[in-house]
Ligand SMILES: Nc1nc2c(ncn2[C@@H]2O[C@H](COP(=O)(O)OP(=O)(O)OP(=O)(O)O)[C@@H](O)[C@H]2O)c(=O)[nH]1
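Let's start with one chain on its own, the form predicted alone, as structure tokens.
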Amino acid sequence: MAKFSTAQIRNIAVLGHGGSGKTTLTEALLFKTGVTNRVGRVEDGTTTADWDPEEQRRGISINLSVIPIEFENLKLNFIDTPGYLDFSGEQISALHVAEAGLLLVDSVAGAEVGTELAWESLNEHKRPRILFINKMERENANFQRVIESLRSALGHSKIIPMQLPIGEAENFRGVISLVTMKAYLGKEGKEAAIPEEMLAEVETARLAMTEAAAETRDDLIVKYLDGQELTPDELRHALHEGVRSGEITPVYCGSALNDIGLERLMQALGRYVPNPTERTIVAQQDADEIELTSDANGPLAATAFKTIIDRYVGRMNYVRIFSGVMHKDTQLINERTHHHYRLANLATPRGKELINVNELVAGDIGVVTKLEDLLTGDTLTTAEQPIRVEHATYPQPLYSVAVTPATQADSAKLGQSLHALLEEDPTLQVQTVAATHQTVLQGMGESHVDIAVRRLETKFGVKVETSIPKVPYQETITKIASAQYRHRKQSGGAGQFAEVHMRVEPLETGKGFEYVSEVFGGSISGVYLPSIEKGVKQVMHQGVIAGYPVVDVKAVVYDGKEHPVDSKDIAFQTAGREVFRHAMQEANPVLLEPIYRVDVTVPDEYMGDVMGDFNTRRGRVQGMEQKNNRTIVHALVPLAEILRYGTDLRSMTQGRGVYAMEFDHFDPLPVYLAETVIAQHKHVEHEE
């Protein structure tokens, strides 16, 4: 592979709704530039980008994949991302290291939910973007209708066509550049004159493009208003600045399947996507905040943005060089752990293929292997000038399953295998829930978690059984109550004796547990007070009414008795345990259920359905806000009612609704529901 300077590199995240043709596009570009001798098909599992066995089995992208394309003395690093919502973490990782996004749109469907989410993600990361209307060969393809749907759905008026298609559907045969005012026909992009019947349409579109370009610079708007023609170079420079600032979103069109318009697209990416030196990223050096601009002469800072643990290669980390040059066989440190490494392996990735290189210049993307403890988000740097680049922020999980090892052998390997899964995918989380005694695997959706479970078996040899997680209720009290308990045991030898009088009081939410002694006069020796507390805490972990942890309770020991011979630690533990249980029963105990804040984003026409559905789930709508043509509904909903909300929301909104959720607080569980939970607990206890 040829060497490229930082200014010759373009890092482009390829985004779009599932099925918009992202992987097909990268496959076509590989073939077009002579890297491959055949065009792979997603349906056959033969594409370069979809190399994971699970991707080939399902026929969709699951992981991001780096596809470098060399074109006209440039290196275009395409980062192909999944289009399905469950794998949004891959999109976030890609945008963290890319300078711009190439957003693909289906020529028939127009703006879809994945288009809107990718657009919002580009906005959040403040990345410029270029739109490519793909599949112009499809029946019912309509370029102008797609442009209108994009402007409406995305709320951005400066979506400016830079090309017009020549023909549509089965008649699609080329594109017209509004900058050069020439037609480019077929796979070869052969230059031709603009068809006469399209001249009026082309002039109108060129006028709109020229106005948008002129508005980016004062000198150009003056020249334009004076009636002077802008040169192609002036247009390109103005459009570059407009794209970089986000004022303009240029639109191109073509067919990845039939290789029409792809050469013009690559030229546009080379011209309008900012090179790495045109982007500034904030980093930390010692206690100071600094700015990095991908300066090859600067100190080394390389961020790991994806981790793969391969059974043959070992740990592989994809890295983006934000400053300096990374050389093979040099000494580096992990800024987080201060662990020292010798960089024995350095490569440029192309799908699953690793092409060995001796160095990676600032702005480039590569892979380092066999560096233990290097995680996604870590910064590789030097001990002399350590730098830390901020890592990407990932969303909270939305879908959970409880996992149980299928066999004893699986149990021994489960913890380590789950840890490896989390290292590969930062949007996965694992929790050991004390309240339910379950290990819970959490992800962004059903498919995401299902694939993680399959990887446990196929990659790490661990088979697990899954189930819907139990709701982690809590127990507390609502009034003050007292009880006393005498523990006496005589078994021929030394006996056991302890008597404890206890009062329990409710505490404010979040206060946890308090233990106080009001014993005076030596009725209970001070040495036994910790024993009583130990017995109380045993009950707090086990629960009193339904087996869930007890919270926000104050236990006060105010009297008791002891025996000079038979009193001992175990006796007061037992008495403490039983007296606390009795006092709890008298203090009107209740169950608390977790309440989550849920933010649902849906097209306006589904707002009523979503709000009505929340009412059936005991939810409380807190408010709404408008965002373009979509409504965001904020609600507080019990976790028990939304364990599988994603599936229901997709059905309710035809796949166009998305949501985020996070824990908010605990509320008392209604009595009629609490009775059911308590009855189930007693039934399980009886069965056991």
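Small disclaimer: the values here were computed from a predicted structure and weren't measured. Residues carry their position along the shown sequence, with the first being 1.
Unshown form predicted in complex with the ligand; subsequent notes refer to it.
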Indicate whether Gly261 is a 4.5 Å heavy atom neighbour of the ligand in the model of the complex. no
Tell me, yes or no, whether Leu257 is in contact with the ligand in the model of the complex, where a contact means a heavy atom of each within 4.5 Å. yes
Evaluate Gly18 for contact with the ligand in the model of the complex, applying a 4.5 angstroms cut-off between non-hydrogen atoms, and reply yes or no. yes
Quick check on Arg350: any heavy atom within 4.5 Å of the ligand in the model of the complex? no
Which one of these stretches, 421-429, 249-257, 372-380, 561-569, sits within 4.5 Å of the ligand in the model of the complex when only heavy atoms are counted? 249-257
Could you work out which of Glu578, Glu137, Glu499, Glu112 is the residue within 4.5 angstroms of the ligand in the model of the complex, going by heavy atoms? Glu137
Would you mind picking the one in Val42, Leu639, Leu649, Val66 that has a heavy atom within 4.5 Å of the ligand in the model of the complex? Val42
Contacts with the ligand in the model of the complex - residues in 83-97 whose heavy atoms fall within 4.5 Å: Gly83, Tyr84
